[in-house]
Ligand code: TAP
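Shown here is one chain on its own, the form predicted alone, set out as structure tokens.
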Amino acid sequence: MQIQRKLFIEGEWVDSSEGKSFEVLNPATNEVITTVQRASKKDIQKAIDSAKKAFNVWGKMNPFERSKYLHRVGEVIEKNLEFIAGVETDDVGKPIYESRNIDIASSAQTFHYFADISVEVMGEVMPSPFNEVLDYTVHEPVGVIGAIIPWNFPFLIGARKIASALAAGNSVVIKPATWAPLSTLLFGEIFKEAGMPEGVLNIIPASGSDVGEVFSKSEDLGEISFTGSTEVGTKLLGSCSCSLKGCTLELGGKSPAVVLPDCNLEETVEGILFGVYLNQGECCCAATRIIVHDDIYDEFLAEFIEGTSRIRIGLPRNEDTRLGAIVHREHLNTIMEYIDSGKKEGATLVYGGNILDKGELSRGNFVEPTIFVDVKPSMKIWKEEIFGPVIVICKAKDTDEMVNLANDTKYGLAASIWTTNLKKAHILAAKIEAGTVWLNLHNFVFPSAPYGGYKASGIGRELGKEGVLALTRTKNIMVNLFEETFKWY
């Protein structure tokens, strides 16, 4: 398996029609890894045409046959796990330990899960007021799905969108992230090795504006599945509304972790560390606002700072690294602007806050884990998604205040509650406005569970059976079983 630098259309690697390209940088060194060809609008439409042609075969294929193909993809990913993990790490800057054990391993599981569930996309018999009328539903694939993925989990999110769409009988055109396109391009090689039918997956590295325009206007595209910022998602939804095109949006987040006084402190600190710093905090559902009960605030803060100080920051390819490089210098600068904002608005910086540019980290995009306290809800670092290893910790006097603070955001992607009182946990979970609420854990996402947000965090659900059905159209069929001719007039 090797990294390809072209476009993947109709099962083959092809050149861009305009000959344009862009550089891909290694976040740990800012050196150029390679140059990737940039698709034109003409190329994007060609990919849609390829997917439409493939859909006429794939969409009519027996689900058990589709299941076999998807299992093969999962097996190829498992076979090439180490290589794919290395590409993901060099592309994104995340630790190799995470790429191997979370991103790529979970991607293989995702294809196996959707291979299994693809044979379960069934309708149901509906109750009828007439015994002589059989009423049932079937779920038919939408057609061509246009997928746009972010740079933080490009292979894993790509796997989720591709596998669920194919399981429902659709074909796919996917746009890789410009900052981190390489692992997504590997899907072309993976599909070729798995013997997948030509055109069921097409990969077009291109500018977001070009893809958004072609996708939203195309009459041959049935649905757009987008993961990214709320600002871009809102514009995309507006464009899709003109043609009544379906649009699934997984957008930003500002997820709270609610820490009650009866929590297991060690379990809570370790769990929230994972919730905060996974993938350098470049995670939509990261625990970026920690709300701690007054009674244990001081103890929690001390333990959390100590735990943060133990995190090994280093080159992403080092096996013991647990916090790697920020994906791009431009994004590092954005994170530093938020840190400066926190200081200027009066929050107290109790840990980190600096760029790491000494020794082996000198050429890359590295920043210290950063912790603010004394944060007010009016501050930018409380309200806005930073998408980095920067968190705020505040105190609350009771559960009512904790819930109010947790819901004090335009987002509603995820939240976590930390307590040994499960009755109280369930009561609080019902009050928190979020698509996923974890109890005594954070940042766990399974292919079998629906995932998506409330409010400005998106529309629709991905993953699980619900995610597959979202990429189908429900048809109601009624059958006349009257023994005698039905006469009304």
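Because the structure is predicted, anything quoted here is derived from the model rather than measured. Each residue number is its position in the shown sequence, starting from 1.
What follows is about the form predicted together with this ligand, which we do not show.
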query: Glu250: touches this ligand in the predicted bound form, heavy atom cutoff 4.5 angstroms; finding: yes
query: Non-hydrogen atom contact Ser207 with this ligand in the predicted bound form at 4.5 angstroms; finding: yes
query: Contact flag, Pro176 vs this ligand in the predicted bound form, heavy atom cut 4.5 Å; finding: yes
query: Partner contact for Pro150 in the predicted bound form: this ligand, 4.5 angstroms, heavy atom; finding: yes
query: Every residue of Gly212, Gly228 and Leu413 near this ligand in the predicted bound form, heavy atom within 4.5 Å; finding: yes
query: Segment assignment from 351-359, 366-374, 252-260, 189-197: heavy atom within 4.5 Å of this ligand in the predicted bound form; finding: 252-260
query: Contact assignment for this ligand in the predicted bound form, among Leu236, Met379, Leu273, Ile117, heavy atom within 4.5 Å; finding: Leu236
query: Residue (of Leu81, Ile102, Val232, Val142) lying close to this ligand in the predicted bound form, criterion heavy atoms within 4.5 Å; finding: Val232
query: Residues within 4.5 Å of this ligand in the predicted bound form, restricted to 374-388 and counted by heavy atom; finding: Glu385, Phe387
